[in-house]
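Have a look below at one chain only, the form predicted alone, in structure tokens format.
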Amino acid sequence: MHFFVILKTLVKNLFSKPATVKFPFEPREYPEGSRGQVVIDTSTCIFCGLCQRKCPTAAITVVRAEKKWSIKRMQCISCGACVDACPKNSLKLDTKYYTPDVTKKEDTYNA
């Protein structure tokens, strides 16, 4: 009897679509609403520093005098606390992801 159960599973798996994708050759499509990376619109940002204070991992640095905003990508956990705290809605969570890397990056944006 167990032979027929295994045979049924084998035939089903032979003719079904694979459950995974071939990563380097086919990039993954992320669903809408998934958390990706924090993106800033510097044209609307007032560099108030609320996002820096609300960030639980201290990944964001804001220098108001120089109008400079920077984020440490490896330190960011994409929780969305900075997005919720922004009074001008300059920050958003995009579904774009960085490819894994061994170096720690810090992205800096100037107004």
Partner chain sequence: MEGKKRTIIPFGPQHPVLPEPIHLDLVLEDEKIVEAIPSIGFIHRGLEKLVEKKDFIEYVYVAERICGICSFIHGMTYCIAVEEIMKLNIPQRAHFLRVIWSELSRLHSHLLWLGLMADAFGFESLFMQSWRLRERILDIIEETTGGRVIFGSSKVGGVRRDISREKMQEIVRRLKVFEKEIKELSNVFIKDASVQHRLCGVGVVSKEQAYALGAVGPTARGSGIASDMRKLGYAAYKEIAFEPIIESTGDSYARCLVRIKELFQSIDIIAQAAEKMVDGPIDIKVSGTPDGEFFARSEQPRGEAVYYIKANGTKFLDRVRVRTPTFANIAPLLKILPGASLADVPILILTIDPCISCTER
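These numbers come from a predicted model, not from an experiment. Numbering follows the first chain given and starts at 1.
As for the form predicted together with the partner chain, it is not shown, yet the points below apply to it.
- Contact annotation for residue 21: none of its heavy atoms lies within 4.5 Å of the partner chain in the predicted complex.
- A residue is said to contact a partner when one of its heavy atoms sits within 4.5 Å of a partner heavy atom; residue 46 fails this definition for the partner chain in the predicted complex, lying far away.
- When contacts are judged by a 4.5 Å heavy atom cut-off, residue 42 does not count as touching the partner chain in the predicted complex.
- Proximity of residue 64 to the partner chain in the predicted complex falls outside the 4.5 Å heavy atom cutoff.
- Looking at 15 to 50, the residues that come within 4.5 Å of the partner chain in the predicted complex, counting any heavy atom, are 19, 28, 30, 31, 32, 33, 34, 35.
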